[in-house]
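Next up is one chain by itself, shown in structure tokens, the form predicted on its own.
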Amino acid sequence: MNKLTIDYLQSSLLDYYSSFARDLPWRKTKDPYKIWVSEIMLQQTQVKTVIPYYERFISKLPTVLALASAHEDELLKLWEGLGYYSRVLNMHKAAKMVVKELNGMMPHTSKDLLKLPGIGLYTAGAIASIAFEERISAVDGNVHRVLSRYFGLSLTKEALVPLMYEILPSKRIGDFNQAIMEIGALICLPSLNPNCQSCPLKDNCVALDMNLIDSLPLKPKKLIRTKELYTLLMITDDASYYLQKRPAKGLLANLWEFPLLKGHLSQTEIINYVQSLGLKMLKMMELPNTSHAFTHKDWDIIAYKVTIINPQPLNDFTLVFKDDLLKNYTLSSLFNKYQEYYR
């Protein structure tokens, strides 16, 4: 990387950001708490989806103290529909640490931010550079793609991080990091859709010059996916529903769900299961099948609405009135696919 190439990169990105940066609510503040919230929400989620969630979350919980004091069920309800609920649960843990150990003051350095649950290298770099102008990189997938193509580098995201220090400007660090993210999000898109002619870096881009756009950056190895079979039972007397809470660790941790049994059960097996709970079945209706994709596995789900005539308290289940279910209980988007059957 020569100095002229780096100078061109810095000036082009900062000029572009000054003129064309999107008007996003978290860009109107240097509050590290609010920047932290936005960065966590933006993980694996599109900007247009995040904006209303961010604004509602900050309106309800405007400070790290408010977040630390919030009840877990309130947080999950605020996050409902965003997915990856471990993100907000880790934020809750981190906020409590900040209040208890740091007198409610967010850490000012990436090194100290990394000590908080749920904050990795990228998020620490983004918060520290944007809020405090720390001279540190923030390499996510977008940044990896832009820089790999611009310099013509066949490097993994992790290998690219040390090289970032060579290209960071002496000031406007936060703007520089956000500018690269912006180009990656809007222009330097994955191989099928790049908009190279609109890119402020096109005159010096090695990948564009050498026709390497489709081959850079290096593609990660695909994860081996597994499939799991489940049977979802919506057990109800049409006024209330049985819910159970998922374990505190693992997929969909701490969320509520309708009874979800392993395997694709036959109707006879379902009848036997309901009877084993001491419930009397009135009728059973088959619901549409669905699937739900996680990072490394897929759930293949069949579903039934089971109407009973004698609702009663059961161990390991909570009997919830319909209105209360909609207002106060957070189900993952998987179960919200069946809302028309319990609204």
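As the structure is a computational prediction, the values presented were derived from the model and not from experiment. One-based numbering along the sequence shown.
Heads up, the form predicted together with the DNA isn't pictured, but that's what we're talking about next.
A.B. asks: Determine which one of 68 to 76, 176 to 184, 203 to 211, 265 to 273 lies within 4.5 Å of the DNA in the predicted bound form, judging by heavy atom distances; exactly one does.
C.D. replies: Of the options, only 176 to 184 has residues within 4.5 Å of the partner.
A.B. asks: Name the single residue among Lys280, Lys297, Lys30, Arg56 that comes within 4.5 Å of the DNA in the predicted bound form, judging by heavy atoms.
C.D. replies: Checked against the cut-off, the match is Lys297.
A.B. asks: So which of Tyr230, Tyr85, Phe132, Trp256 gets a non-hydrogen atom within 4.5 Å of the DNA in the predicted bound form?
C.D. replies: By the 4.5 Å criterion, the partner-contacting residue is Tyr85.
A.B. asks: Would Lys60, Thr109 and Ala248 all count as contacting the DNA in the predicted bound form, using a 4.5 Å heavy atom cut-off?
C.D. replies: So, no: the whole triplet misses the DNA.
A.B. asks: So in the predicted bound form, is the DNA close enough to Leu314 to count as touching (4.5 Å, heavy atoms)?
C.D. replies: Leu314 lies outside the contact set for the DNA.
A.B. asks: Is Val161 a contact residue for the DNA in the predicted bound form, using a 4.5 Å heavy atom cut-off?
C.D. replies: Outside the cut-off, so no.
A.B. asks: So, Met97 and the DNA: in the predicted bound form, are they within 4.5 Å at any heavy atom pair?
C.D. replies: Met97: no contact with the DNA in the predicted bound form.
A.B. asks: Does any part of Asn289 reach within 4.5 Å of the DNA in the predicted bound form? Heavy atoms only, please.
C.D. replies: No, Asn289 is distant from the partner.
A.B. asks: Which residues from 85 to 124 come close to the DNA in the predicted bound form, meaning a heavy atom within 4.5 Å?
C.D. replies: Result: Tyr85, Arg87, Asn90, Leu116, Pro117, Gly118, Ile119, Gly120, Leu121, Tyr122, Thr123.
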